[in-house]
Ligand code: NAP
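Below sits a lone chain in structure tokens, taken as the form predicted alone.
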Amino acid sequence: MPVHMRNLIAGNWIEASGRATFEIRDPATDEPVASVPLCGATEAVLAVDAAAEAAAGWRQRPALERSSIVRRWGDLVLAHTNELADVLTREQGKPLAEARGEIAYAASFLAGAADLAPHFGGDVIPGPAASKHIFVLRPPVGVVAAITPWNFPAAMITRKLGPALAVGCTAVVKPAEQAPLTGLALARLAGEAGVPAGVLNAITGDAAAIGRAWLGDARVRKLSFTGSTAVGRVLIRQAAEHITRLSLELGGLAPFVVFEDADLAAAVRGAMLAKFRNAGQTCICPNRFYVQRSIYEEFLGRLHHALGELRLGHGLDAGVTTGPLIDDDAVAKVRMHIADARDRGASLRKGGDFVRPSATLSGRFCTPTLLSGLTPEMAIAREETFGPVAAVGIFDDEAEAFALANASPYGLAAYAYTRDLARAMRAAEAIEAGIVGINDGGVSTAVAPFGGLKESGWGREGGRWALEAYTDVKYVSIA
């Protein structure tokens, strides 16, 4: 029977003011999993009230004390891995093994922030005269807001809130409507870890109304958002009212470049990891594969074989590697990308169908798909697909490879495979992306700066860069 989960404001678990709710459904079965409050501007302001009231007390706590609480939060997340992963799989669809991996990944952001924060401070700079002393302080920005996506409902919350809380900010967070349950469970664990009432507030509901309320409130000094470029543009316009600082991780269209001297076995392993994790529903998934002509057919053959090892099904079932797409809009987009590519001359080498792996499952399962003959005018070469579809094109030389890789307004992630060290360094420098994996399909880590170039957003999350993002720079001159 579906459960009901409330929202957290000022340490209290509350309903929406009008007691409205909405359902969360398992994308694999369409069965209801839970219901949550349908909050809006009223609750958004109440959450900011709570965060603002708690700000002074939390900021004044010693950094080591704040960090200890954040670390305990991470320890509790790990201790509840199985329960959290079960919730995550039911609301989001990814296989249980991937869900467990995401919970560990989420905990690593809390541990990393807890490690860094006690040693993160300002600077003492030699003054221009003997009578002057110059200090640079790094105070917390204040109340921060976070709007997180459905594809990583645990990791994207801790990546934002771990550093924010560790440096002394208080927070309001809205998990994605499609998958808010994991985020609410994390908020409960934060309270158990000792995060004081009001320091972390979590609400679910109307994304547009909540976002407008937060960016219309001068007390919110920073908003961190992971989602589409279209929504990012809206937030930028709204943030202008109070010059609210933004961190934006927006759309991606990652290229995956394979040179003729690459280790093809490693390249295929990297392609499978980067492309087909979470059924292709990650922002750093390769969307465009470019392979040098002399190895093109061999790479296609190896990738075709690897796709045959994937198994569709419910994420809780043993042996399943690939779950469903999140909703019917996602299905429609993937169908369109496959059809458009074929209409424009691509060859379907494998997959391309939507199926029900069993009678109890929905029709949101896309068979892992391989297309050859990718050209620049195809939608899949211009738009993020967010599905288990690999489209492969040909290049002849290095200059063409880099030109194809950069032929996009997006620049979040990119991948290149080569055994030539000099070529690897040229690729790292030439490819316009905030993250470049050289012979590496698994680039995500809590210790590195994660973020994009061009229309993929601005700001970085992860490592010390995340702590910098949630602090101001204050210069003090003492004569």
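Please read all numbers here as calculations on a predicted model, not as lab measurements. So that there is no doubt, residue numbering starts at 1 and follows the sequence shown.
Absent from the display: the form predicted together with the ligand. The rest refers to it.
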State the residue from 280, 95, 198, 251 whose non-hydrogen atoms include one within 4.5 Å of the ligand in the model of the complex. 251
Could you tell me which one of 207, 399, 134, 79 places a heavy atom within 4.5 Å of the ligand in the model of the complex? 207
Quick one: 177, 228 and 384 and the ligand in the model of the complex, is every residue within 4.5 Å by at least one heavy atom? yes
Where does the ligand sit in the model of the complex: which of 117 to 125, 169 to 177, 183 to 191, 305 to 313, heavy atoms within 4.5 Å? 169 to 177
Does the 4.5 Å heavy atom contact test between residue 412 and the ligand in the model of the complex come out positive? yes
Would residue 149 count as a contact of the ligand in the model of the complex, using a 4.5 angstroms cut-off between non-hydrogen atoms? yes
Distance check, residue 235 to the ligand in the model of the complex, heavy atom within 4.5 Å: yes
Since only the chain is shown here, I'm wondering whether residue 58 would be in contact with the ligand in the model of the complex (any heavy atom pair within 4.5 Å). no
Suppose contact means any heavy atom within 4.5 Å; which members of 58 to 80 contact the ligand in the model of the complex? none
